[in-house]
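For this one, two forms of the same chain are given in structure tokens, first as structure 1 and then as structure 2.
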Structure 1
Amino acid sequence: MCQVDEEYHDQLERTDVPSASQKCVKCKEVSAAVVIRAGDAYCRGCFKEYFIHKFRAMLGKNRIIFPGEKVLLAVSGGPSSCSMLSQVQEGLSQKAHKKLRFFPGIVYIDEGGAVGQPTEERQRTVSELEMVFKATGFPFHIVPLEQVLDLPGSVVVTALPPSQQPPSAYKAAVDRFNQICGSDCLAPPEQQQKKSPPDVHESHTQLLQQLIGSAKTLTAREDLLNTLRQHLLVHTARTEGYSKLMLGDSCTRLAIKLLTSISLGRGAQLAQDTGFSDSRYGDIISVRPMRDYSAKEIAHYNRMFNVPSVVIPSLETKTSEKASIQRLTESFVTKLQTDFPSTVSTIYRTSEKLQTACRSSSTDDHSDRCLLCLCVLDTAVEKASAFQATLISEQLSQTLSLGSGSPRQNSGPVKPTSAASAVQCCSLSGGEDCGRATSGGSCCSSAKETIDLKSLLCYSCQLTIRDMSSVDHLPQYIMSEAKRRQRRSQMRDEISEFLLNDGDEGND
């Protein structure tokens, strides 16, 4: 039992608060220059070695990037992506102990048109980034976001992935690369360094602003912008011959993204959204080598070793912390991290244990994948599920609101009024022949098609589309792919009684 008059002064231990005046925890000789967390105080040299080793260890442990592959670095100008670019540049330098064995390229997506930046400010930002990119010697591509309006429909179709390689293939590829190529062939090609940004028409910028502005909430606008950016990155990687796409998501950013995705109904896609690799696009694999770094580590490294970065406004700039789900989650995590330093690492470690429980895509037309994010649809579930309960609740609320006479927006099938529904045969417009014209009936495009986008989207993307005032502003490649999937689904239903099931083949 504790007594009132007992004294504990001699028994209480006083913990030492880490400070920069103590010795480095690694070399034990030089005074610490930076304190990452409690007990982790490093001098300048040891901190740089620790930072570089963590980047190399992340790539070496996963062994996804094979020697000689072309890797496209997605650089947004922020601290994390610029630090990633610095690490790749460090790994390919002549003084590197173990050099990286891939051919890097840089891509920057200019989103100034979506956020309403003036043309002069966009040009100034591009000029600053061009100076950073030219200093690396890597080939770079500056792509305005307006180009997403002219993408082909193949962007939202999962391509055939490369053949699965055995675990021993990586070591064999390293030996073959060292014998044939060595380190000399990793010199950046001078003739491919300069890629002048294409001209942006004012009409395209207005269409892009109408598309982003059609989303009623900032949450939907940010989610839509992220989807369009990812489509443009994948398309750039494919057209320029890259097989890997390297993203600069840090540990702090992924922790915020995990909680945000759960709030937006993307729980089934967490493993792909926050994992090291993401293979949803088939031939282009996205990797996140910066996922072990906290925002604090990146900030210290960039400041100590003069890593340049460019401040670029976004949709969240000068908004309140409750303006969107993404902004609120970021404010919650960063404030909690201030009082409890293990918050981000705890959330991050949880994301490492996540695995996708959804079924894999099996059909040739990939109709079981979301039209926007290309994840496997999470809406094909049993009747006794939380998703079906949510749908029933929505239907009941809509019925009650309509019965009371209050107007409410209908969330049923969307009917876009686009020029693609003109009277012409499907085969003439580049699609598949529906067969109705030859059988005496009218072509399916002669009547105004009703596209049920809801059936082609996952639950989270359904919420994004529902927050849009009109889907008429969606890019043409998305609407064309939606029509193609719907026509194939209708054709499959018409001939379903003549198709054999997988189990019927063995009975003959």
Structure 2
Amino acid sequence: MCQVDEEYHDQLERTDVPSASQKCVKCKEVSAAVVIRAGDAYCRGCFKEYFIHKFRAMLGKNRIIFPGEKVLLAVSGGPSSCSMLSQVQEGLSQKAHKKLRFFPGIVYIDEGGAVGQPTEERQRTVSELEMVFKATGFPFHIVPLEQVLDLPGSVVVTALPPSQQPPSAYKAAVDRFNQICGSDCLAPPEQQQKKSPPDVHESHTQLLQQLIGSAKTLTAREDLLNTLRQHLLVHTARTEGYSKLMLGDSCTRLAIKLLTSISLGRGAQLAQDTGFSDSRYGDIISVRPMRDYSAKEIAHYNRMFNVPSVVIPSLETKTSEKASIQRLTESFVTKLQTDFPSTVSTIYRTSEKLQTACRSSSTDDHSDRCLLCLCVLDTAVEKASAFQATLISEQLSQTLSLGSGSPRQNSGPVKPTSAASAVQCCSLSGGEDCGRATSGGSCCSSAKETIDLKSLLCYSCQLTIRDMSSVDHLPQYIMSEAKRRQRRSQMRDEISEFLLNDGDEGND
């Protein structure tokens, strides 16, 4: 579309190249400073309005956060989560147009131990962030990732969700809150006492590094780190009494995550991994209010309005493009985005349409969920499926290699026979979770109780575990929960004849 102020270069390459003298498309008065999307140039003021409005609209549209609730903000120090923090601050301030009405807290997970940062650097980063957090006035918690080794087993158990509220309850709750509190009641429930961050023992850091190091590929390490971080976040939210968790994933980050998840075999869990709200933990709901912002918008806003953020090296810093699936997808999407600026938003819009197909599980039995990612297991499928095909080919390749005398490298406790028995028993009953039970039974026949972790995991977590040289380094809570589930399923097996069930398995 032609514009009056347009500068023409030697050749007319594109008809809508924004130019320095272009005015903001919204207010048409001030000269533009940022280009959003594919050619809309905004000035500073309009951009700020647009940015703030998007945050409120995102929270208001999905009426999940009720007034007066305690919400935990997961801040990693990076630009999106710090931007989220500043938006929450902005929204809660007195002069806001329509104030946000919840009580926020901040949590920062110090992953320096897993990445190999020296202690002084870690302490420096932590104190930098502490200053930022103190300036906000919200209660904050600084949690080193080493604490994941001490978590209770209840972390990987889906808790009962709070009672379902009808949609009209949101409006009623807002009205009630306004009546009671008026406009100045936003004192946080308890004041923040001076809590120094817990000391980290050198031995714990070493254990953590061993754990991360036991994953052979960078992809698996990233995945494992993600899982551990999630567990720690949920545990912190539960112990400190928060009912919601806010994550700072931006649109770009989620688009990359979507494609990465498909490559990692997490297609069945896409809706929960990239959607606005994620209720896999039952009592804690994770929300992603930044999912509509592209990384570029966030960077511009942070720069223009001085939002403090800290750069913390991660596992993938300075790695080459092909070091892991996550890195490869990231470079693919960002490269495509430069030539086709609507890439990220197209992927985002696609992800909005994803929904979880609810498998009606009659019981809320925890054995229906993956041990690590707590999503519904996707490995219980009928005979002629892609998953069965992979099992069969695995079994065939293992028997062949056993015959040649050198067993293939796979995760420790899994015995070659378990795959065979899984295939065999799958032919018995139709459409029921059978991958678990019998493999547990066959392993139990040996003198020592080995844990067949694979049977308790969804497909992609199985792949991650397979990439680990030994599962012995996994934290205690995972192993004990695995043993517990295995014992339960064995028990169910033993008494299965006596159970009345309305499945079409043979009833005597």
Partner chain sequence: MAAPIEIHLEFGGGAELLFNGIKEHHVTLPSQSEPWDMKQLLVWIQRNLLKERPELFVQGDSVRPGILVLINDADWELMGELEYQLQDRDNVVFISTLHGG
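All residue numbers here follow the sequence of structure 1, with the first residue given the number 1. Being a predicted model, the structure only gives us computed values, none of them experimental. Just so we're on the same page, rigid core means the largest C-alpha set that superposes within 1.5 Å between forms.
Form assignment for the chain places structure 2 as the one matching the criterion, namely the form predicted in complex with its partner chain. Once the cores line up, the CA of A57 ends up less than 2 angstroms apart between structure 1 and structure 2. Fit the two forms on the rigid core and the C-alpha of G39 turns out 3.5 Å off between structure 1 and structure 2.
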